[in-house]
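Listed next as structure tokens is one chain, alone, in the form predicted on its own.
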């Protein structure tokens, strides 16, 4: 059992009857279970979960690395109670508002402590998966979170679970071998009693068994942080806490992460409704998109990392208005519409392509927020979708240029086309002229080459840290070719294009 000394906390009182630690700091009471201890604090919810863990709970195994969500040294698990079970996801605590821990089970590396090494730690030792050790807690937590999932389909999935963790020493192969050992062990798991099996086989401490009942007993209301006029909306904080970490604790904030009133993604007729607070992981795993677009999951593996996708919200990605936002490019190509709401109940629907007016300038009134994103997807039509991205490293990086396309076809004819590109203008760019040019055309090499000329007339890249303007024009051209080479391999050949 992980023992957490009560003397590690400031401004606290321990109530033996409830085993709740009170931190009397500010105004808002945030309640959650941290490893095996129930925590209640009045500290500002805008502070980061990382700082609370290290400086208030004095759990120093969670490391401070980049404070930008890149390195994974601060990875923890967040467990949500659903129908009597806890569902765990990894997240970067350096970008997570403390308020997002409310009602959750937060697990740090100390939460996996046993009298000896646990199974993940044993695998890391056996494979020499650690050198300096700074990153090791993050890897242990990520693999521990993988063990707590319901399914463990393959070694590739085990390795994928650590895609948000960076190591500067080992070259990764030793860590990947450790992940494979963990996977081999989990293939023997008893699906009828998974938690008991994990305890018996030294993956987790025995107190994990009691967490669902203990979390339910807290009886935490879902509407702990009501909407209030004039407040800043914060979801996962994945970009906001990079930009304004010092200013946020003093701002009035609405915390919307994990507080959806409906299913994150649902189909109503031919329209898919995506809640603004839905996460990138929700979108990545949405059955309706996976069924419609076979490579959908692969595209999302190019978007950030597992811990960031677990907390980054769709509305946050759109409102951030980054010219190279990946999800923004995808939704633009899907011809998405956004539902904007105000506190008085007024709402309006706007095509996403009209949302971006200039750099970081939106068609959004003060007090409006993105409640939903709508995508039409008719099952009886042949709709194709493809996403391409180039960045300085394949995974866990921001694009130099990205582009997406959706096409409705009938035989060899393009009935409808929507193309987007990022990194080639001050805004996420819907390529209106290129899209209109493609419509009604026969799929052939000449058409692609002519469309590239139209595309080049629409983009206006600049030289910056991610590449020269000329380089970005080349990328836009090549990635546009990539759409057609991938979607129509029997018709469009590389040799003919170049």
Partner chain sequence: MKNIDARNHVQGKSIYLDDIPEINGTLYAVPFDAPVGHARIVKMDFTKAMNMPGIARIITAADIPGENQIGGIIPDEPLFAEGEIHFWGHPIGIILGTSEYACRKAREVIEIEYEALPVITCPREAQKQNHLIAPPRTFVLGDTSEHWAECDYVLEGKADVNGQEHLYIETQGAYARPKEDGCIWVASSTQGPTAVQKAIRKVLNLPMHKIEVDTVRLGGGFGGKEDQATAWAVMAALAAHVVQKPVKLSLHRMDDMRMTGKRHPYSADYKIGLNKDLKILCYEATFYQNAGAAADLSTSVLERTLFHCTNAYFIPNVKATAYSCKTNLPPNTAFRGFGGPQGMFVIEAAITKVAEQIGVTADQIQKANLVRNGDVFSYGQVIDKSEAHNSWNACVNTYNLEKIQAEIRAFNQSNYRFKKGVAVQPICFGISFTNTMMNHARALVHIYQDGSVVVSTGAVEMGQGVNTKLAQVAAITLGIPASWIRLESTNTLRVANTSPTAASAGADLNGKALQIACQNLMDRMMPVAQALLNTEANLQIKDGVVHKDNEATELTWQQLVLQSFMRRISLSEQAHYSTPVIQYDKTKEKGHPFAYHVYGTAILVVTVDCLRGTYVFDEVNIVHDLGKTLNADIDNGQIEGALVQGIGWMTLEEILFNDKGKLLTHALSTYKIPDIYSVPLQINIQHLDTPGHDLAILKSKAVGEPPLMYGLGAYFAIRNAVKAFNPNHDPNIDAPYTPEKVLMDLYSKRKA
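Positions refer to the first chain, counted from 1. All values derive from a computational prediction rather than experimental measurement.
Here the subject shifts to the form predicted together with its partner chain, a form of this protein not shown in this document.
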query	finding
4.5 Å heavy atom contact, residue 372 and its partner chain in the predicted bound form	no
Close approach of residue 249 to its partner chain in the predicted bound form, 4.5 Å, heavy atom	yes
Its partner chain contact in the predicted bound form: residue 432, any heavy atom under 4.5 Å	no
4.5 Å heavy atom contact, residue 262 and its partner chain in the predicted bound form	no
Stretch from 324-332, 77-85, 389-397, 354-362 whose residues place a heavy atom within 4.5 Å of its partner chain in the predicted bound form	389-397
Non-hydrogen atom within 4.5 angstroms of its partner chain in the predicted bound form for each of 117, 173 and 485	yes
Position in contact with its partner chain when the complex is considered in the predicted bound form, options 282, 368, 163, 239, heavy atoms within 4.5 Å	163
Contacting member of 124, 107, 147, 424, with respect to its partner chain in the predicted bound form [4.5 Å, heavy atom]	124
Residues within stretch 44-78 having a non-hydrogen atom within 4.5 Å of its partner chain in the predicted bound form	54, 55, 60, 61, 63, 64, 65, 66, 67, 68, 70, 71, 73
